[in-house]
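Next comes just one chain, in structure tokens: the form predicted on its own.
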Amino acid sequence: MSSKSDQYARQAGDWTEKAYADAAAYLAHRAELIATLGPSLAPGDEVLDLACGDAGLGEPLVARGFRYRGVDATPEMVAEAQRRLGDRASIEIGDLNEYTPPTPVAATTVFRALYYARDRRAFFTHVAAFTEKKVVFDLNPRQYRPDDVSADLRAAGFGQVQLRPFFVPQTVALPRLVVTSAKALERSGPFAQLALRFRFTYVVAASR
């Protein structure tokens, strides 16, 4: 087991609670953008969450009426995800580079894990084969050039690419009013672009 995998195994029991200062607010906003950015999802649509960890994101997605399928390469994370969601979801062990769901899904997500794609363009092409509406993921513009990622998406058949700044912080819990203001600033144009030069990420939704 690699040191990274060993770390995930040790932390599986309370991964979501430790990873986010306000998990409910952070993951609810992420779920909101999964549902609405790009083609809208409808209740009953299935969302495949690659590198799902302990499936913390599954809870707000299930609450929105979506079917949830989580996949992670760490057995301890899969066990915790199964404990968290029980019979409300399907949870499996799998590598995001190789996993194929039994039937096509409406949306595929991959958060905090794009760097695990061995070949990014090949990964997007693989996902396109079983994703009917869109693929949604987070993108750090200081790590990857958005134009390069967009080019890979289009080469994989995703002709429409939308990027939305995501300003709800991961490691700081904010009062509800401040969270509302942060969401509004995501649409602030030049200010949002300036902020992204120093911190925060995009959420990307790519569709055909």
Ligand SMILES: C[S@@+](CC[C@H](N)C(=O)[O-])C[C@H]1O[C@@H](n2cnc3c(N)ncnc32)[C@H](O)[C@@H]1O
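Everything quoted here is computed from the prediction, not taken from an experiment. Just count from 1 along the sequence shown to find any residue number.
What comes next is about the form predicted in complex with the named molecule, which is not displayed.
- Just one listed stretch, out of 115-123, 128-136, 80-88, 100-108, contacts the named molecule in the predicted bound form at the 4.5 Å heavy atom level, and that stretch is 115-123.
- Within this chain, Gly70 is remote from the site of the named molecule in the predicted bound form, having no heavy atom within 4.5 Å.
- Using a 4.5 angstroms limit between non-hydrogen atoms, Leu48 is distant from the named molecule in the predicted bound form.
- The named molecule in the predicted bound form comes within 4.5 Å of a heavy atom belonging to Tyr20.
- The named molecule is not drawn, but in the predicted bound form it has no heavy atom within 4.5 Å of Phe200.
- Residues from 141-180 do not approach the named molecule in the predicted bound form: none has a non-hydrogen atom within 4.5 Å of it.
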